[in-house]
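Shown below, as structure tokens, is a lone chain in the form predicted alone; questions about how it binds or moves come after it.
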């Protein structure tokens, strides 16, 4: 038995469950997005939900906000992950403790971090009260709006706190596998620190970052709990908007909610395909 067949057989139970749940859920949502809901006597299928969705200004406002939060969180994660990974390579006192604290956020669920951010950074939170007690601000409403804001700063912060160490560990492992030989060779040829990073380290890091970045973007784009807790009621990200339509007492709003869910799944799938082609073009391999 070949090694590939053995691995496939070992993974097949888990893959079968995941594929069944995903495909089953996707098809169920797809049929409902076409208006097929026998439970309320709707058997005719149409594209009315998609037509209503793409003509609704709330949808495009939510789409823009979702894209902004996803892109900002992913780009900032890449930048800070590289910076922190390069710093963690250095030898310094207390490195073991710093390394533990650096990895600690990975073990904490997003929901816990979101609740913590709400309790700490809201205008009625702990920091606002401390600033008020110290006389820095005369009223808690003067504290900067870091959650429930128009730009989703609090949402982005939660994603960064969780994703930077996740991606940073990948970068650190890449740098450790490469070693220092390429850098020393570049410096021996007269390259400064920026040139060494730009022309030596960055091309080695990028192929490893691309797959992780699409994971971060896809999760951020479809995430629900963090925007639900820390986002404004309007505009809301697509997942929250779809949830509100899904929970509407009027079941006629259910097809549009499912249409948004299908849109999120299809959009992310297309993005993953594009990323695979990009990775193949950059690295020359799948």
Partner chain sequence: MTDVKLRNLEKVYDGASEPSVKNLSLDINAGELVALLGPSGCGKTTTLKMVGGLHDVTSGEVLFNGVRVNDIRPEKREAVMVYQNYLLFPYMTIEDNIGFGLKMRHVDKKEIKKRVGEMLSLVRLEGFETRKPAQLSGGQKQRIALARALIIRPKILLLDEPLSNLDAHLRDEMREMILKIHKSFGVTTIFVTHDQEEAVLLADRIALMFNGELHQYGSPQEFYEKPVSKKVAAFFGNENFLAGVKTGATVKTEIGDFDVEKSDVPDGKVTIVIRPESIVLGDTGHNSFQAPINRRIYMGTYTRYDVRVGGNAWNVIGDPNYTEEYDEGRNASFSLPKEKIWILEE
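The structure displayed is predicted, hence computed values, not measured ones. Positions refer to the first chain, counted from 1.
Beyond the structure shown, there is the form predicted in complex with the partner chain, which is absent from this document and is the topic of what follows.
- Using a 4.5 Å heavy atom cutoff, none of 46, 51 and 56 lies near the partner chain in the predicted bound form.
- With the partner left out here, the partner chain still marks one of 202-210, 132-140, 113-121, 164-172 in the predicted bound form; by a 4.5 Å heavy atom cut-off that stretch is 202-210.
- A residue is said to contact a partner when one of its heavy atoms sits within 4.5 Å of a partner heavy atom; residue 186 meets this definition for the partner chain in the predicted bound form.
- Mapping the unseen interface onto this chain, residue 182 counts among the residues with a heavy atom inside 4.5 Å of the partner chain in the predicted bound form.
- Residue contact with the partner chain in the predicted bound form: residue 195 places a heavy atom within 4.5 Å of it.
- Interface membership of residue 94, defined by any non-hydrogen atom within 4.5 Å of the partner chain in the predicted bound form, is ruled out.
- Of the residues 72, 191, 88, 153, just one reaches the partner chain in the predicted bound form with a heavy atom at 4.5 Å or closer; this is 191.
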